[in-house]
Structures are given as structure tokens and as C-alpha cells.
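This document opens with one chain alone, in C-alpha cells, the form predicted on its own.
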Amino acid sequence: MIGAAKDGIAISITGLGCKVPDRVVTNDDLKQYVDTTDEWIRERTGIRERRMASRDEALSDIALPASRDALEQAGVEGKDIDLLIVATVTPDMSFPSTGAILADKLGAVDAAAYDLSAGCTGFMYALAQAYGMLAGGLAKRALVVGGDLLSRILDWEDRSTLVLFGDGAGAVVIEAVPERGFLGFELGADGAGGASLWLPGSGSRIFDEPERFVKMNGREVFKFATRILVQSAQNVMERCGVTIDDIDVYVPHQANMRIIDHATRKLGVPSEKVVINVDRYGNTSSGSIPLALADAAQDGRLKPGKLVLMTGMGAGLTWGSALIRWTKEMTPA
């Protein structure tokens, strides 16, 4: 599914916030759980540390401060939000949704609130949904949250997954603006590859002796990621009539440094335009792209007029890209 923004519809991001747990887990820390070294992890992933939630923290506890910062930066309050989407695969619980829990805590008493599951691509799907709801007149102002506590669903004896993931959340406020912000989106899914990255036993499908840990075929996911990050980005740029030379800031999903390097080389993006924080946070799934946006804001790269390309991929297998002409000066709260 691919499409350019509607003519005459100007919708953009007006607030941005992020939050990661306080606990830092280094590569050396993981040696007590699996047979690994700091050198082995860095060479294969580019990751040196990640954040992991404490036992008494749930997703809403991490998403709440990120959401409050985004609201403050946008100059609005919870009561001004009429659509709240939380992209996650690790909600507080199956129901009520983390979206509903957040809406209550933020005072968004009249907001439609729900969770969205699209793996690491969840934030991109949620952005597109929020844009569509606003463009269609079904909502006026949305809060989109992307976040996960993947440490809750990892097998701490499986080196292939344990070293990759971390916890964190980011949030953005989306609303009408004077000048066009979002230019287009591209989304897709290939369910045939679902078993390459999945969590068997976590739903209504009965499995014999399910462990309820993330299972991943690293080779197949790598092949998919290196292909789809490039293809999706090219598709949305072509649809919107821009080239890679027009892109000022490239925000890829922070899955693995080798995947990011491959995508940037194939696309021809200069390294100074690429936002990278996988070394500090690991793969935070739905939190990956908003956390990277916050870093770009902190670095002063999200200036009005800058063209930003975001591309994600994840379980499903899913993918999604968005082009946005940044419309507001901002730094994370």
C-alpha cells in the first residue's frame, strides 16, 4: 500500500518525547547469561549497551513520561487529544489496551484509544493510521506512541536474540499545520515470513509446551530487512516525486548496524544524514524510530523545511516508510 498525502491537507508532527528505563545493560553484563563477549556483539550488531525495565515497570510507565513531554512540546494537554494509538507488541496486558490506560492517565477522556501490533514497524503503521484519521476528519489531534519492553519476552539463554533487543518508548503529537508536513506513506506485510520472527504461544493458537519467548530465524530476517528497507524507501520517494539527494535526514529502524549500513549504501545516503542510536539502545522495536527522531532533534537536525525519511521493518513480516517535511523547531523535553 502506497500513497502520497492529499492535496490541501497539511498534517505534521508538532510534539516529540521519549523515555528509556534507567537500567543500562552492557554487553559485558550479558556474559553472565549467555556465552558471548563485547567484541562478538559489537562486530555483529554494532550494539554496546541497551536499556531494560525494572521488574515493577510496565510499558505504560515508560510511555507516560514520553507522552507528557510530547504534549508539552506541542503546547497541548491530554484533554485536547481525540485519538491515541499505542504501537507495541508488549502491552501492559491483553486488555484493557495500553492506549486506554494511557488515555486515562493523561486525561484524554474523550479520545479513541487502542493498541496496534505490527512488530518493529508498529510506529510507522500508527503514523499512517493517525494521518488518515485526521485527513478524513475523524480526529483533530492524535498522540502516537511507539514502545516496547522486549526484555519481558526474551529467552535469557538464547544468545541470538538476547543481545539484540532493548526497552524504550517515544511519542509524537500529530495535528493540522499551516504547511504540508507528511508527504506520503508506504506500508506492507508478507505473512508468509511470519514464522521467521514470532512469539508462539502468546495468543489463542495452541502450541505444545509453548515457551512464550521471541523466536527468530536471523538469516531470513536479515535477508528480508536488507531488501525491504531499501525497496520501501525507494517506493515512497518515487511516489512523492523526490530522490535520495533531496533527503536531509534518514531515520531507519535501529535493528542492527549491519542492516543499517547495507540500506544506506544501497540507497546512497551520506553517513552524516543517517540517524543511529542502536549502539546505545539496541533494537527497541516500536520505540526505535521515535527514539531516533528524538536523537535527531537533540542534535539539531530536525529543522523546519528539512525532508525526513523514516523506514521500518519487523515481525509480520511488515514494513513501512514515511516522508515528512519537518515543520517545527523542536528538541526533546
Ligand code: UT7
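Residue indices: 1-based, along the sequence shown. No experiment lies behind these values; they were computed from the predicted model shown.
Another form, the form predicted together with oxa(dethia)-CoA (UT7), is not on view; read the next lines as being about it.
Note on contacts: among Leu197, Ala113, Leu116, Ile260, the single residue with a heavy atom within 4.5 Å of oxa(dethia)-CoA (UT7) in the model of the complex is Leu197. A heavy atom within 4.5 Å of oxa(dethia)-CoA (UT7) in the model of the complex is found for one listed residue only; from Cys240, Ala139, Val163, Ile101, this is Val163.
oxa(dethia)-CoA (UT7) in the model of the complex comes within 4.5 Å of no heavy atom belonging to Tyr33. Although the partner is absent here, Arg159 lies within 4.5 Å of oxa(dethia)-CoA (UT7) in the model of the complex, judged by heavy atoms. Not displayed here, oxa(dethia)-CoA (UT7) is approached by Asn256 to within 4.5 Å at the level of heavy atoms in the model of the complex. Put simply, Gly218 is close to oxa(dethia)-CoA (UT7) in the model of the complex: some heavy atom of it is within 4.5 Å. Picking from 219-227, 139-147, 181-189, 241-249 the stretch near oxa(dethia)-CoA (UT7) in the model of the complex, with a 4.5 Å limit on heavy atoms, gives 219-227. In sequence order, Arg44, Thr45 are the residues of 44-75 having a heavy atom within 4.5 Å of oxa(dethia)-CoA (UT7) in the model of the complex; the partner itself is omitted from this view.
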